[in-house]
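Presented below, as structure tokens, is a lone chain in the form predicted on its own.
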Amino acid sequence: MAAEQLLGAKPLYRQTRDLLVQRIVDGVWAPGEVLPSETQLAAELGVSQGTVRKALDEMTAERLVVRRQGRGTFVASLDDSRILFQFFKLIADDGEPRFPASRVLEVETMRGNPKARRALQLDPAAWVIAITRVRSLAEEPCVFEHITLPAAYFSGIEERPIPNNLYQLYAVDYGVTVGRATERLKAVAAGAPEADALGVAAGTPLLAIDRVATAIDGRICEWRVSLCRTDQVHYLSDLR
């Protein structure tokens, strides 16, 4: 990558970060793969080693890469343990972190409704893939979940088994790595479908988590609404 490509309004370390992220998006480095050394990257990009280090510091804070003492810097893998602490915030009241089990109820392809199109910033004619599933902790159903995906990014996903760890599937099979998510929380009353799936009475208070996920290349890639029982679990946000 020529140094002259690193010219623009952004600070140099941010431009360097963007180029490194684009390489991950393009599959130059796969999840779990070690990156070239800071010295090698600096020479290739025509910037200082300090600039590369600052770019990697930012990528580490964003959990896009992982630094391992004495071994180097690796592209982050979306394994279950990382997803547990970064994206799944429901914790049993006993305080023990557990990754949920999932049971898929329905997968279908359809035209996006206005809410889905707005959340995913899609054209009116765009198709979406809708996944409905129930998630359980310690074999107790606690989340009724609607997931809506742009069909253009995930062609054929509706024809295959849907795993528990969707973000790993997105990254490994579709090259869509979730980098961040924005959530809105609200108390709602359980309707008939979610009440039946969660084993509660209609009208039971639930916590609605409305999440929009963005890939590291800036594409909005998922809209997820999770309706959660909170009689035995709570939502934990670690503000640091």
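Keep in mind it's a predicted model, so treat the numbers as computed, not measured. So that there is no doubt, residue numbering starts at 1 and follows the sequence shown.
The discussion below concerns the form predicted in complex with another copy of the chain, not included here.
Residue-level contact is defined here as any heavy atom of the residue lying within 4.5 Å of another copy of the chain in the model of the complex; does Asp18 satisfy this criterion? Heavy-atom contact with another copy of the chain at 4.5 Å: absent for Asp18.
Against another copy of the chain in the model of the complex, would Glu158 count as a contact residue? Criterion: heavy atoms within 4.5 Å. Contact check for Glu158: no, nothing within 4.5 Å of another copy of the chain in the model of the complex.
Please check if Leu206 has a heavy atom lying within 4.5 Å of any heavy atom of another copy of the chain in the model of the complex. The answer is yes: Leu206 has a heavy atom within 4.5 Å of another copy of the chain.
Quick one: does Gln121 come within 4.5 Å of another copy of the chain in the model of the complex, counting heavy atoms only? Heavy-atom contact with another copy of the chain at 4.5 Å: absent for Gln121.
Are all three residues Phe87, Gln232 and Tyr235 in contact with another copy of the chain in the model of the complex, where contact means a non-hydrogen atom within 4.5 Å? So, yes: the whole triplet contacts another copy of the chain.
Considering another copy of the chain in the model of the complex, which of Val200, Leu45, Ala181, Leu56 comes within 4.5 Å of it through any heavy atom? Spelling it out, the residue with a heavy atom inside the cut-off is Ala181.
Based on heavy atom distances of at most 4.5 Å to another copy of the chain in the model of the complex, which listed stretch, 181-189, 168-176, 30-38, 66-74, is the contact stretch? This holds for exactly one stretch, 181-189.
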